[in-house]
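Next up: a single chain in structure tokens, the form predicted on its own.
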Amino acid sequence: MHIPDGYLGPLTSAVMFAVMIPVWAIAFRKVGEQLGPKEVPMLAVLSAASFLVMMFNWPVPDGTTAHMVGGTLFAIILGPWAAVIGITVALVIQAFFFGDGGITALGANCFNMAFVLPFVGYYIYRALEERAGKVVASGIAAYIAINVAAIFAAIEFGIQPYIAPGYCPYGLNLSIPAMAFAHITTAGPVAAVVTSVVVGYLAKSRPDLLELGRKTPGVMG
């Protein structure tokens, strides 16, 4: 899902950075106000885990990649605002030091993976948790969230031929099916299985970790 340099025109890149600046500001303020000594180490651990799983990716024909993000799991444990910070840190490191995702596309990549994905996953999980149980709810949430984020990336790709010729050559008729197919059939199932397995393990061995988000609603809700 990482968008490389050269695929988004200057207008799209600027707009996505402009969208993310207030999101980052709110996230830093909320996390700084509410995270306690117990949550800060977990934030670092989950950010490292997100960085690691995002390094295992496979190419999608429109120029990007399919991979896990771990955003839903991150949001379930610490909430979506903390996930914004943790996943952004992982994406910045990947872009600047590993060339995974473009620097000019960092705003778009953060919007898709550090904002859309954890918020969608978090609220779907909370909506289904009581009726479906933590394990099933987390798997469904992870599957839907990563696909929603992938569609946002596909739209960002697909509008380029219309607003910025010379950048991504694939229109919406190609970018959306390519991204949707890759994530519906591969990245989505992987994210669902891994997230549900981890949540199931935590529910049995460390249920307190699944309650961190509930204890700090100012940050996590």
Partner chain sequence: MESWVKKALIVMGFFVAIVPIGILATWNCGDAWGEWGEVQDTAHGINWTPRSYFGAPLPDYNVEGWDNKLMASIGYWISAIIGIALTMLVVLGIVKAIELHRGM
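Numbering follows the first chain given and starts at 1. The shown structure was predicted, so the numbers you read here are calculated from the model rather than taken from an experiment.
The same protein also exists as the form predicted together with the partner chain; that form is not shown, yet it is the one meant from here on.
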| item | value |
| --- | --- |
| Which of 144-152, 114-122, 89-97, 130-138 lines the interface with the partner chain in the predicted complex (heavy atom within 4.5 Å) | 89-97 |
| Touches the partner chain in the predicted complex: Phe56 (any heavy atom, 4.5 Å) | yes |
| Partner contact for Ser196 in the predicted complex: the partner chain, 4.5 angstroms, heavy atom | no |
| is_contact(Ala48, the partner chain) in the predicted complex, heavy atom dist at most 4.5 Å | yes |
| Val190 within 4.5 Å of the partner chain in the predicted complex, heavy atoms | no |
| Within 155-176, the residues that have a heavy atom no more than 4.5 Å from the partner chain in the predicted complex | Phe157, Gly166, Tyr167, Cys168, Pro169, Tyr170, Leu174, Ser175 |
